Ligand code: DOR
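Okay, here we've got a single chain as structure tokens, the form predicted on its own, with questions on binding and movement later.
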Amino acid sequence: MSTLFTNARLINPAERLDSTGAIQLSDGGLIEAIAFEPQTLEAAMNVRVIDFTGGIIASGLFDMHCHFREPGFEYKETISSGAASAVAGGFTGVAVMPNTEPCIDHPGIVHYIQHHAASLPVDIEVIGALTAARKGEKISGYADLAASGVKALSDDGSPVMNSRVMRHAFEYAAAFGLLVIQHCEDTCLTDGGAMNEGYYSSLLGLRGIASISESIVASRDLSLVRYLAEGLPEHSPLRPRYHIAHISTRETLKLVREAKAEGLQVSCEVAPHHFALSDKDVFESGYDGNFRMNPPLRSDRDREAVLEALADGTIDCIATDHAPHAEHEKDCGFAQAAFGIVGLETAVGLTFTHLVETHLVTPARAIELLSTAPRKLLQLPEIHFKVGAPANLTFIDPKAAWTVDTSNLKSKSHNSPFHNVRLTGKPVGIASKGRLILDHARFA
């Protein structure tokens, strides 16, 4: 049975679309009809009609920074459970990071993930390892990774500290059209650190992680990008493309802003927890290990700088850094807790609560940050709202008020600092890969 959604706000930044209208989807997952007010669509006898007044039907959300843990750490998350979490979070696509065991530094592991993802309702892109075994000593086989479908490279969690290796990574990645994603952290400054270095780390007696550890590596990398781009035409495919993962400090944001003004091919992402929380929340949590992540929750000044960068366009996209851990890895004392939190199922709520409801960004800009921009950075096909096109959609109730209950998360792990937090804005379904999956409570 086809399904007709009426009175919805249709948002697709790739087509500069933001209009009230109706859209009809076929059983096979194609867009059968679309109309914008004052036009209407007439439903046939065998068409289910859903009045989605007040709701948003957006281009499918895409998270370019996830950890699904498989292979090697299936007790935390699997490709299947990660996909279920993505669906619950309103994502129709994700990109998984290579810090698995074995790591994704050769096509065999890429094909393993692609095989297990083929039957799942979300698209799963694979990010290859920047260096062999993520050791930072020599680059991995970029030609083979690119041929297997990899579109980006990263040693996420293990920053490349050797400048010679990083230069080679930029040069060879550009030759194969691959995006370089860096976890910016000078590990000589952060070793043994538990939280952001500052007033609250002193109060808690925890070893600090200096904010400058992020900007030092970003500065080195940007110097390499600048040097390697010098003399090359603006649109040369040999100009390196550089992306900073989970940016968190005002110093690094300043560097990105300056690099973009120069015309360098530089981009960055922010995780929702870095615009929703600060190191003050670590203090108030009472040593709760669910507030430990890397980069750590920064100062209020850094958080304000992140919000400003989201508003002015310096930050390109929102990515969750979904990092599942088992309960025993977080409930063990703050300094011993594993870094990272789950994020797929709270991303929309945090974005609408902290960015849209506060009028920092419009709903269309929020969808751009969560959908269009990450797809563009990974050079994935655009989504089109056109008759005959496959439906790749996210359904959002922007005014839905709900309380996070980590026991109800679809992820295999429940390590979130947002348990019992009240949010506004909730994903209520997706249309992806020929399937229409709706929240029965919303569409009863």
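One-based numbering along the sequence shown. Quantities reported herein were computed from a predicted structural model and do not represent experimental measurements.
Keep in mind that the form predicted in complex with the named molecule is missing from the display, and what follows is about it.
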TODO: Choose one stretch from 172 to 180, 262 to 270, 335 to 343, 207 to 215: the one whose residues place a heavy atom within 4.5 angstroms of the named molecule in the model of the complex.
DONE: 335 to 343
Open item on the list: Contact check in the model of the complex: Asn99, Gly157 and His325 versus the named molecule, with a cutoff of 4.5 Å between any heavy atoms. Do all three pass?
Closed with: yes
Open item on the list: Just checking whether Met293 would be counted as a contact of the named molecule in the model of the complex - the rule being heavy atoms within 4.5 angstroms.
Closed with: yes
TODO: Report whether the minimum heavy atom distance between Arg250 and the named molecule in the model of the complex is within 4.5 Å.
DONE: no
Open item on the list: Can you work out whether Arg375 and the named molecule are in contact in the model of the complex, taking contact to mean some heavy atom pair no more than 4.5 Å apart?
Closed with: no
Open item on the list: With the partner left out here, check for me: in the model of the complex, does some heavy atom of His246 sit within 4.5 Å of the named molecule?
Closed with: yes
Open item on the list: Heavy atom within 4.5 Å of the named molecule in the model of the complex: which residues of 40 to 64 meet that condition, in order?
Closed with: none
